[in-house]
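For reference, the chain that follows is the form predicted alone, supplied as structure tokens.
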């Protein structure tokens, strides 16, 4: 049934309905602006849940593919009279598989929760929600685009809304944080665009035989065309070196390194992380929910989709390097998180550490580790969104997130303190919660090939328990300042997203098959390629 409708486009552009309604509402009517924005985020959530329930991993998402010719640039037929063709052919191609589907659902869940958390926004509600919904369109499109330039457009569509959402609605250092966000991500985008152009001009070449006399010859931005050319041992790019269409090892490595740096900035990989710290500390908590919960995951997704799947041989050769970078992320983030006195910075460095676990899972290059990396992405997205939801509620009531100024809040805020403690347990990897299964599978996958690095990485997991417990206990227990004695516990609009996020965290922890089933066949082609050396 879903295969008969453009479900992927409906999910991606459904927030436009909210944008159109918001444009018609007066900017002073904060209540209806908020109701409209939250309702608009519920539409893609409902559609993505429907898609998730209907998805059949054995079919690889083929029934849902959408493709429409987007850009054609015709050849000069005077110079090539025997070819009816296009020089460039870019298509609006959308697709879904077991890798992108869990991240799509994560995006729609976090978007709804962040929209509810934005009740604390104090000014310019209309502009805030317009940028918010535009940001959601970009995030949704990233996980479903199947043309490299369409992917790039959706990727860039997230930058401008985030720039304004940070710079206008953040805290004291919001403008510097927004500028640094734009500069770092702009550099990453430039490197990614260069890599994509190189990909299209070297691996996007395609010849379609229409009949005995007619051929279509074109450069395509289609992800499938590029992937087939790069990974098929019989394709022209893998022909003998003397062939004019052969793709050299130097070109492959150049594109691979560009992609690694571009998506490494977004992830972020040490030392490209400093911009992220400012965003976590200065942006509005509802926006940090989006940033930490979804935008960082775009870096890991891009690394998987374009780095690992397109260049399995290069990734195999650099697996140890990637694992070392992951261990650095884990230990660096954990040690500095322990040193912080501001809870938002604790969570910022914690994100760096947890993304190191993702790198370890990717570096394992086996099914267990790759599934662990995917689960870790979804798990951390839910946990970090929940923690920053609590941060926003705490800051709204106390005016601070300095650990030294908080304490004893379990007395005045028992519900929020309980949720905070449970979220902390999930972050440190307590069995039965989502954080455990992602970390366990990632480390288990790596252990088979890099036992020493795995053992070192476990030290970071131990440090995680130390800094999480230190921070959570400092907030909830101990002496409580008198001015916090009359604080009001979570309101309904705050309690609902807290309970919902916690429910998903528990669900994945006790029943991880809810994630592993859709992605069961998502890595089949990659694992097969890793056993066949392609492109030298």
Partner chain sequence: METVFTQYAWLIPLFPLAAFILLTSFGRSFKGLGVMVGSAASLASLVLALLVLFERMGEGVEDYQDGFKWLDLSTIQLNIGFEVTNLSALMLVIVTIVSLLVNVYSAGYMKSDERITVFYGYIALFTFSMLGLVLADNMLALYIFWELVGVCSFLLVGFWYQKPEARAAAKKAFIVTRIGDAGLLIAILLLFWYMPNHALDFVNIQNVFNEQTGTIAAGITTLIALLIFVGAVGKSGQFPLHVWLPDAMEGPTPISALIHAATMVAAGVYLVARTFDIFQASQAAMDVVAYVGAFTAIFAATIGVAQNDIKRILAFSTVSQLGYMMMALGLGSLTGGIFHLFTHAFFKALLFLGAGSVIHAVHTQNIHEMGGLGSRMRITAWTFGIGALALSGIPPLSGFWSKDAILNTALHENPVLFGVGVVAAFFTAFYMSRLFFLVFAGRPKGEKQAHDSSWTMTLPLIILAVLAVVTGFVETPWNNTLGTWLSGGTETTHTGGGLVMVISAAVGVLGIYLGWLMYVKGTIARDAVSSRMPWLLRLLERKYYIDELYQVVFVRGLRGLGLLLQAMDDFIIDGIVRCVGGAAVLLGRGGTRLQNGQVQTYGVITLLGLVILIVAIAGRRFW
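Numbering follows the first chain given and starts at 1. Computed from a predicted structure; not experimentally measured.
Omitted from view is the form predicted together with its partner chain, to which the following refers.
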query: Candidate site 125, 129 and 162: all three near its partner chain in the predicted complex by heavy atom within 4.5 Å; finding: no
query: Heavy atom within 4.5 Å of its partner chain in the predicted complex - residue from 431, 173, 399, 186; finding: 431
query: Position in contact with its partner chain when the complex is considered in the predicted complex, options 273, 206, 227, 344, heavy atoms within 4.5 Å; finding: 273
query: Interface stretch in the predicted complex with its partner chain - options 194-202, 264-272, 390-398, 98-106, non-hydrogen atom within 4.5 Å; finding: 264-272
query: Touches its partner chain in the predicted complex: residue 48 (any heavy atom, 4.5 Å); finding: no
query: Distance check, residue 222 to its partner chain in the predicted complex, heavy atom within 4.5 Å; finding: no
query: is_contact(residue 32, its partner chain) in the predicted complex, heavy atom dist at most 4.5 Å; finding: no
query: Interface membership of residue 317, its partner chain in the predicted complex, 4.5 Å heavy atom rule; finding: no
query: Residues of stretch 326-345 in contact with its partner chain in the predicted complex (4.5 Å, non-hydrogen atom); finding: 332, 335, 336, 338, 339, 340
